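Look below for two forms of one protein chain, each set out as C-alpha cells: first structure 1, then structure 2.
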Structure 1
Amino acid sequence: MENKPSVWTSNRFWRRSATWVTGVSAVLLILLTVDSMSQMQMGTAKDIQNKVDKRIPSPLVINYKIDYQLSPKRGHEVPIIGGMDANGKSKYEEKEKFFGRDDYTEEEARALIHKGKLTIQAKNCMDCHTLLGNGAYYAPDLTKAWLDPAWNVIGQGYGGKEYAMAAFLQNPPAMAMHERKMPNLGITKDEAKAVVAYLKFMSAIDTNGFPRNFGKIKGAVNARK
C-alpha cells in the first residue's frame, strides 16, 4: 500500500496558509488603523453639549472641573469631566474657573492649548519630562500633571492651582519641589498660561490609566490602595 504524503510536508499547503495569514493580518491592520484614527480625533463642543465621552475631548474641557476616578469596570482610573453621574460617566456640568474664566470659546481654548503645545516643543520639555509615553524619565511625567494633588495644596497660596503652576513655570528654581530642580527656561507669563491650559487638556485624555502609578499618589483622587 502506497503511503500518502503528510499535509505538513506539502509546499502547496504552506503557500496557501501563508497567503491566508497575510491576507487576514492585512485586513485586521486596516480595521485597527481606521478604529484608532477615529478615536484619536479631537472632540468638539457638540460632544460636550451631548455629554459624549471622547478619548481626546474638546478643548472646551478647560472650562470644566476634571477628576481622575477609578473605574471598577476597566480596572484603572479614567478622566471624569464636569462631575460624575450615577453610572460613573462624565456629566459635563460642573465648571471650574481657569485663570478667572469658565467661558472660553472653542476657538480661544484651541488657540491657548496649541500655544502651550508649541511652547513645550520650543523649550524641549521632553528632554526631561514625558507626555503620553514620549520623552525622557529624568523629571516627572506630565500627562496627568494637572491632577497632581500637590498643586491643590500649593495653589491655596496663589489663588488657584493654575496660578501656582504658571508661577512655577516662569521661575522654577524659586519653587523647587524635587531634588532634581527644573532650570529657568525663560517661559513668559502668556506662555506659562498656555502650557497650563495644555496640561489641563492633557489630563482629560483617556489614556487607559497611563501613567500606571499616578493613581497611587498619596492624596490623589480615589487613589488605589
Structure 2
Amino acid sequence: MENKPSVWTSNRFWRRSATWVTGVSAVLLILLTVDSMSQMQMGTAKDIQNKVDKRIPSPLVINYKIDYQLSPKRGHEVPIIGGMDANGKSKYEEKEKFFGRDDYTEEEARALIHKGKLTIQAKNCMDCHTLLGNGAYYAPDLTKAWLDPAWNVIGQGYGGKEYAMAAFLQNPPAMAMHERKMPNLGITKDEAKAVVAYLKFMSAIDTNGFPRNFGKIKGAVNARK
C-alpha cells in the first residue's frame, strides 16, 4: 500500500489555515470596532429634542430628571430620562433643577461634566471607587451614585441632593455615612459641583444594567422590600 502523505502534517495546509483564520478575525474585529465606535458616540441636543435614546446621551441630560427602571424587554434596569411614557421609554419632558437651573446649554453642560471628569481623574477616585466597571471595590460603586436614594433623604436638609453631594465631597469626614470613611481630598466648591454633574450625567448612561443588583441594594431604587 502506498504511503500517502497526511494533510495534517503539511506545512502548506497549516499556513493556509492560519492565513484564513487571521484574515477573517481581523475583518470581524474591524467591523465590530466600527460598530462599537458608533454606539459609543455621545448623543446630541437634537437626540433629546427628537426623544431618541442613545447609550451615552447628550450632556444636556443634567437638565432632566433621571430615573432607573426595570425594562422587562431587556431584563435589567435602564436609565429613564425626563419621565417615562406608556411604553416605558424616556420622554425627555420632566426637567429637574440642578444647582437651581434646568437650562444649561450644551456647551455649559459639557464643560461642567468635563471638569468633573478631570477632577475625578486628578483625585484618583478609582483608587477606592468603581466607575463604569473600572476601579476598586473598597468604596461604593459610583456608576449610578446619583440615583442612590440615600441622597434624596440627606438632600432634604440641603435643599436638593446635588447640594448634599457637593457638600459631602468638600468635606467627607464631616458627613461620614459608612464605616470606611472617605478622606478629605481638598475638592473645591466648583470642583464638587462639576463632579456631581459628571455623576448625574453618568447615571444616564445605558450600561446594560451595570452595576448588577443596584436595584436590589437595601434602600436603592426599586429595592426589593
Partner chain sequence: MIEPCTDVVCSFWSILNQGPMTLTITLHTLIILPMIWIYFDEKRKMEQGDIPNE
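The model shown is predicted, which means the values in this text are computed figures rather than measured ones. Start at 1 and count along the sequence of structure 1; that gives the residue numbers used here. Superpose the two forms; the largest set of C-alphas matching within 1.5 Å is the rigid core.
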**Q.** Form predicted in complex with the partner chain, given as structure number
**A.** 2
**Q.** After fitting the core, residue 40 CA displacement of 2 Å or more between structure 1 and structure 2
**A.** no
Q. Once the two forms are fit on the core, has residue 208 moved its CA by at least 2 Å between structure 1 and structure 2?
A. no
(Q) Treating the chain as two rigid parts, how far in degrees does the smaller one rotate relative to the larger between structure 1 and structure 2? (A) 11
Q. Hey, core superposed, how many Å does residue 12 shift at the CA between structure 1 and structure 2?
A. 7.3
